[in-house]
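Next up: a single chain in structure tokens, the form predicted alone.
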Amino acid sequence: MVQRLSSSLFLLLLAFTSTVHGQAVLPVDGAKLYDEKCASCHGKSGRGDGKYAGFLSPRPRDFTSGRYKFRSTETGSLPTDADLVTSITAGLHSTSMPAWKPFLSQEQVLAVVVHIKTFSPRFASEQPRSIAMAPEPAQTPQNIEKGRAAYEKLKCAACHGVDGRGTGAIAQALKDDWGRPTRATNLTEPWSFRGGRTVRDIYLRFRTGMNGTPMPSFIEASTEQELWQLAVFVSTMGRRPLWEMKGDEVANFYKAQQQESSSDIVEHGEYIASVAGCAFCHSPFRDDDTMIEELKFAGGQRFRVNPFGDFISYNLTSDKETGLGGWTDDQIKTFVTKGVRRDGTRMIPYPMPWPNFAHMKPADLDALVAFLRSLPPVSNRIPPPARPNIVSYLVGKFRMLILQQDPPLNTYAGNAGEGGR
């Protein structure tokens, strides 16, 4: 089905179009470019299920739903072509979506936009409903104070806290439209605002809402002027960024950050598990390299390390029979930092790189254990390592010790565990 194009996009594409046998053709294959640059996160069919999607937070956009967060259109409306171009070229700060402007030409970006719009039938039957914006107000003390009053009136502190960084927030268990956990933005770190940090950008988030998230449009609960003043106030909440700090200011910042991390050790443990890449090894994958997400952290990934044999990654969930639910905290810590299993046997230093974690701080270990305890139980019984035959072992040792070759490490698709309920 032919997708509708805005007049601006149509004119731009026309400028880049050539003619073959009397028919207009695009010099850039948007579908091919999408497969090369975008599919690894957003998936071949645009469902946000690419091979890296399971590791990313927030998740890549599901283009098939036609729901977009960052727009200049009414709540629930499709974005304009210019909105899509902006998201691609400028990227989305504090996410895995990079700014593609240095890597893609305008022609290529436009071709990708055309292809992305084919994933949702909404673009064929609906037109974006752009909003008409009043002039941006000045950042005067009066507008800032009125914006502060709007912050209180609209109960922004319920999600963002009285200080914009979560203090006193009562809405903690936020989820998006797909049932995935999400967090309210830290308003004191404007460089992380995914839709941009200007007063206009901030105003648009209040005016349009963010489709697919708990963030609504406030146009029916306030006036246009109040939303602009609220945006002015929020733009003044930003703290001093680290790269502008010097001397003791830097040390004090990290000290405060460390104290803050101790206030929510589960969240800090989730951060540690994320940067350590725990899910990469302790989750099984399909043949197309996408994660079997119902088994995330439940182990079952098979590794073959010659000449040492086959190893199946452990179930890290809180299941008492097949996971860590029956382990003590000390057993988990010893497992992570010394490679010693619960039965007293020791693992080789790969594929589980336990020497890398041998010097973890006690507070970080406590946080990691707290996070693993918080994982819902998933039954997935992991078989013991399988040793190779004597011939394969000797050949492998010869290659390592005499030929000085690194032991090859192979991974296999599918869940090698027993269960997964």
Partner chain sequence: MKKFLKWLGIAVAVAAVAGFLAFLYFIPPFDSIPPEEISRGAGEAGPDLAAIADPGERAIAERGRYLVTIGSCADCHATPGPQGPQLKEMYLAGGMKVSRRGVGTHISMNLTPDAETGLGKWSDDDIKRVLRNGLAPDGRAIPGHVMPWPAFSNWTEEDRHAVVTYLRHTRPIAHRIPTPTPDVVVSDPTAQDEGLGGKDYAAADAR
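Treat the numbers as computed from the prediction; the structure is a model and nothing was measured. Residue numbers count along the first chain shown, from 1.
Below, we refer to the form predicted in complex with its partner chain, which is not included among the displayed structures.
Interface membership of K320, its partner chain in the model of the complex, 4.5 Å heavy atom rule: The answer is no: K320 has no heavy atom within 4.5 Å of its partner chain.
Within 4.5 Å, heavy atoms only: does K37 come near its partner chain in the model of the complex? K37: yes, in contact with its partner chain in the model of the complex.
Give a yes/no on whether P355 approaches its partner chain to within 4.5 Å in the model of the complex, heavy atoms considered. Close contact exists here: in the model of the complex, P355 approaches its partner chain to within 4.5 Å, heavy atoms only.
Partner proximity in the model of the complex: A276 to its partner chain, non-hydrogen atom cutoff 4.5 Å: Contact check for A276: yes, within 4.5 Å of its partner chain in the model of the complex.
Which is the contacting stretch out of 246 to 254, 132 to 140, 117 to 125, 171 to 179, given heavy atoms within 4.5 Å of its partner chain in the model of the complex? Selected range: 246 to 254.
Of the residues I219, I144, I332, I348, which one places a heavy atom within 4.5 Å of its partner chain in the model of the complex? Only one listed residue qualifies here, and that residue is I348.
All of R47, L324 and S374 within 4.5 Å of its partner chain in the model of the complex, heavy atom check: No, none of the three is in contact.
Residue by residue through 378 to 398, tell me which have a non-hydrogen atom within 4.5 angstroms of its partner chain in the model of the complex. Residues within 4.5 Å: R387, I390, Y393, L394, K397, F398.
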